[in-house]
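Okay, so here's just one chain, in structure tokens, the form predicted on its own.
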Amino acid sequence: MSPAAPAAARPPFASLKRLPEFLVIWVPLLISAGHVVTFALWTTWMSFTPSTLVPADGFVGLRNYNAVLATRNWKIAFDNLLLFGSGFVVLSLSAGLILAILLDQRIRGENVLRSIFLYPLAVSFVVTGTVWSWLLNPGIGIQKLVNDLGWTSFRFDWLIDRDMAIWTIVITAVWQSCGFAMALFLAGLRSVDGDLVKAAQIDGTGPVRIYRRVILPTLWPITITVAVIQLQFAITTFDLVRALTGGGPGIATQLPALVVYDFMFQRGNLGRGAAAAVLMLLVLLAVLLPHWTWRAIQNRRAARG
């Protein structure tokens, strides 16, 4: 057998052709990662120091963490996070899935409707919170409009009700993000193998049962991904609450991000604010790490298969 032909020599400066690609993608990515990691480490270090208005040296152990966990603000914020996170994720997933199923029927004007449902994503959370605060304000919003129409007994004053105010944030957040869930679910529905659906139709299976038994089970990976992304948003929510309720009435709608802001910029206690931020990071990692582990296991199984 003749010896293998030598590999073709690479043309000079061939690697330089990929330099723009490297600069556009990897340099900003590395800078962003370095920024996040650096400030996360700096915040963690500051949470163990007696820093107040300015960073200070010294080591106080877990004193800042104990102080934050003992405050009424943090307890209310964490309870609100559980309520807001669960309600927001369940309702946004449900609304997004329903909208995706309706659009999957190839209805007329689908492109227009899809644009309308996705439009809230283009609006900043500050604008969304401000507009919804007007709508939900009992003096100028929906309640006043219905009262002026003659239904004087109608009440929709959740914005000033300590027990119901958190649900105004849930409603607003669902309106803002259900279009995102819809887009991902719709992409998943359009990627379902048509042969499976046709086989089910030949067997006489009705549309509802086809969705329940054939189509929806294939959407579990997308459902988990959307849920994790929505949970990440719920944990880090700040500007929406700040614009909609300001954390009120009183501190009834406090969330962890507002506690961080309160300690750092209103009370001037950087150490405790940093401790609250680290606690937020731990909650976020408790959501992300299981998801990353699950994705790694799935990718490893797919590679073996």
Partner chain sequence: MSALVIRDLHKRFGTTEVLKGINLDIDSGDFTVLVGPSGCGKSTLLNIIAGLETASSGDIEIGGRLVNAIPPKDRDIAMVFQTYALYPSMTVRQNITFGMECRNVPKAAQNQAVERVAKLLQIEPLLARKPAQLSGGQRQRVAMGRALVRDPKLFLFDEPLSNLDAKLRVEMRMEIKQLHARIGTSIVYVTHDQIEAMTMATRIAVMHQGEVQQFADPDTVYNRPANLFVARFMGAPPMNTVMARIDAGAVVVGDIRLPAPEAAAAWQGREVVLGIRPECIAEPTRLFGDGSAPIVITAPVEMTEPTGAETIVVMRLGGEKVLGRVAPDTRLANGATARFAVDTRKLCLFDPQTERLIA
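Positions refer to the first chain, counted from 1. Computed from a predicted structure; not experimentally measured.
Omitted from view is the form predicted in complex with the partner chain, to which the following refers.
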Practice task
From the candidate stretches 148-156, 81-89, 193-201, 163-171, select the single one in contact with the partner chain in the predicted complex, where contact means a heavy atom within 4.5 Å.
Solution key: 193-201
Exercise for the section: Sort through T205, N137, Q232, T71 and report the residue having a heavy atom within 4.5 Å of the partner chain in the predicted complex. Expected result: T205
Practice task
Work out which of L99, L93, I222, V214 lies within 4.5 Å of the partner chain in the predicted complex, going by heavy atoms.
Solution key: V214
Exercise for the section: Indicate whether R209 is a 4.5 Å heavy atom neighbour of the partner chain in the predicted complex. Expected result: yes
Handout entry: Distance check, T218 to the partner chain in the predicted complex, heavy atom within 4.5 Å
Key = yes
